[in-house]
Ligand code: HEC
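Before any questions on binding or motion, here is one chain by itself as structure tokens, the form predicted alone.
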Amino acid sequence: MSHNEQDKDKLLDHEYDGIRELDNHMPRWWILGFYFTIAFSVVYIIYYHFAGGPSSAQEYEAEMAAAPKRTTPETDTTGGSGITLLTDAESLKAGEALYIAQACIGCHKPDLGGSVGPNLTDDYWIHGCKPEEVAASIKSGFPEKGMTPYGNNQPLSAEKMQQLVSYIFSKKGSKPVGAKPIDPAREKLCKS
């Protein structure tokens, strides 16, 4: 029997739009896979719905418990993101040098009272009140408002960023003469 004769024997009698169908058996691997999915679904339903398997909420809780712990504002002693506000004179002097070196004084004035840029000595800030938010503002800048990112070519080390942020926070409440007035429409209260 030739190959065409074998195929002819498997052809079904019906035809639709000139298309005829062969009566082939399903491949064994496909049938076994189908039976496996049925068996798996039965085991799954029994385990998770009747035999005490963990619910999706319980699995979520277990994953959250296993995840690395993050600090909350109540438990974080660094002010967030590992930035501890330094208070020693040497660190604040280094922060002041960084403040001057980047020419922050052009927009925020030497006393941080604000001119083109906002006043950094009051309790109303535009881009966040926490040390990590200030650090993020320094790193990314606000080019659309004229503030370039600090250290475009050479980013600040973690220590230098900590010194700069500490210097800025050390001037909060200093009330410089001629400070830029508060704009409550744009600035939010950062009272701690």
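Don't overthink the numbering: it's just position in the shown sequence, from 1. These numbers were taken from a predicted model, which means no experiment stands behind them.
There is another form of the same protein, the form predicted in complex with the named molecule; it is not shown, and what comes next is about it.
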> Only one of 53-61, 23-31, 37-45, 135-143 gets a heavy atom within 4.5 Å of the named molecule in the model of the complex; which is it?
Replying inline: 135-143
>> For the three residues Q102, V116 and L164, which mark the spot I'm curious about, does each lie within 4.5 Å of the named molecule in the model of the complex through at least one heavy atom?
In response: yes
> Is G128 close to the named molecule in the model of the complex, meaning a heavy atom pair under 4.5 Å apart or at it?
Replying inline: yes
> Looking in the model of the complex, any heavy atom of C107 within 4.5 Å of the named molecule?
Replying inline: yes
